[in-house]
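Here's a solo chain for you in structure tokens, the form predicted alone.
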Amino acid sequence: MTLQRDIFIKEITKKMENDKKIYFLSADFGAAALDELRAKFPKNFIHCGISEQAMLDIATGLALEKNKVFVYAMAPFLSLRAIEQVKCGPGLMNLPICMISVGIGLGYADAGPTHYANEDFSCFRSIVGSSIFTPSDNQTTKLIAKDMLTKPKFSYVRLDRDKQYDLQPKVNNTDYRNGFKIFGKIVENKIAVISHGKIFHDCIQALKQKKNKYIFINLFRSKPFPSNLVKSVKKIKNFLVVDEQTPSGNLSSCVFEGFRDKNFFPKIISKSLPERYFFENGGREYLLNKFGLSKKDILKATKDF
């Protein structure tokens, strides 16, 4: 399996063959596909060093000159460290800068709380005009990359550091336009499980023994919230929303607000990380197990209905 970041960067590299208005800015060197892009198109690659705030200012200048701009860095630093530049650049000026954020959630275990991105989702939801994508597989990652290259927009793409399994059936072009894909037959008495990224796979694994009781909704585009999701699931009364974020402004908040705007008020249970920082070591799975996001915890949460 190829890493999500390599899938995304390879799509950009292919497009650069015929489009010299594409610029790739990086605050990181740690990607195999990045070596190829840098070698092939040195004039269109800018390494900004460990300086994400400056990188966003440079990206803003390039975007103002009508270039297609992609910026790439570790999730905690590209989001929170540079958030004022994001607001004042692509936010206030409505510039089509695509931000490729790698290592969401607890992806950089055991680097500690400075390297975790457990608040980035809520922070970027608050930036006016942003689009937020969190793919769970390589197919969706590729579709996002192609979309950003064809129709550039102010976007925050949240990629996992770890390899992700393919989803079956695959996300197709119609699913991509919708912003979500539903796995399973919609029946009124089923529980709908909504998630994205790595944790979506954990939900499927946790509930696979009784999967006929659930439908799984992969919400890979959470902002703008999919306009026709409610129409697709209006028969369902119970929703479990699972996210590798802290509680405030996380995916369940997003789902509740999206449903509310459509006057849809089912029961929603949120399963996320607790309101705290994580200093413990032991790896990502250890931390998820310790802090309430194990597969057993996900299964247990469905019993609250």
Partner chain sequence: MIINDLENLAKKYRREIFEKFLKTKQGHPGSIFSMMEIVVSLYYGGFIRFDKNKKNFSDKILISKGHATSAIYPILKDFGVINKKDWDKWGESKSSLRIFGNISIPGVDITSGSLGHCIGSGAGMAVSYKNNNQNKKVYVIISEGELYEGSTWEALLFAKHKNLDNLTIIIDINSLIILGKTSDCLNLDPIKDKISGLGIETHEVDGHNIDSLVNILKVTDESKNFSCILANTIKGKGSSVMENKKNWHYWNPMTKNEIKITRDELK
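Positions refer to the first chain, counted from 1. Here the structure is a predicted model, which means the values were calculated and not measured.
There is another form of this protein, the form predicted together with its partner chain, and it is not shown here; the text below is about that form.
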Considering its partner chain in the model of the complex, which of L62, I268, A31, L273 comes within 4.5 Å of it through any heavy atom? L62
Please tell me which of D110, D166, D162, E84 lies within 4.5 Å of its partner chain in the model of the complex, judged by heavy atoms. E84
In the model of the complex, does I186 have a heavy atom within 4.5 Å of its partner chain? no
4.5 angstroms heavy atom contact with its partner chain in the model of the complex for N67: yes
Hey, in the model of the complex, does I58 get a heavy atom within 4.5 angstroms of its partner chain? yes
Would K40 count as touching its partner chain in the model of the complex under a 4.5 Å heavy atom rule? no
Residues in which of 242 to 250, 275 to 283, 42 to 50, 255 to 263 have heavy atoms within 4.5 Å of its partner chain in the model of the complex? 42 to 50
Is its partner chain in the model of the complex close enough to I182, I204 and L207 that every residue in that trio has a heavy atom within 4.5 angstroms of it? no
Which residues from 76 to 103 come close to its partner chain in the model of the complex, meaning a heavy atom within 4.5 Å? E84, Q85, C88, L92, M93
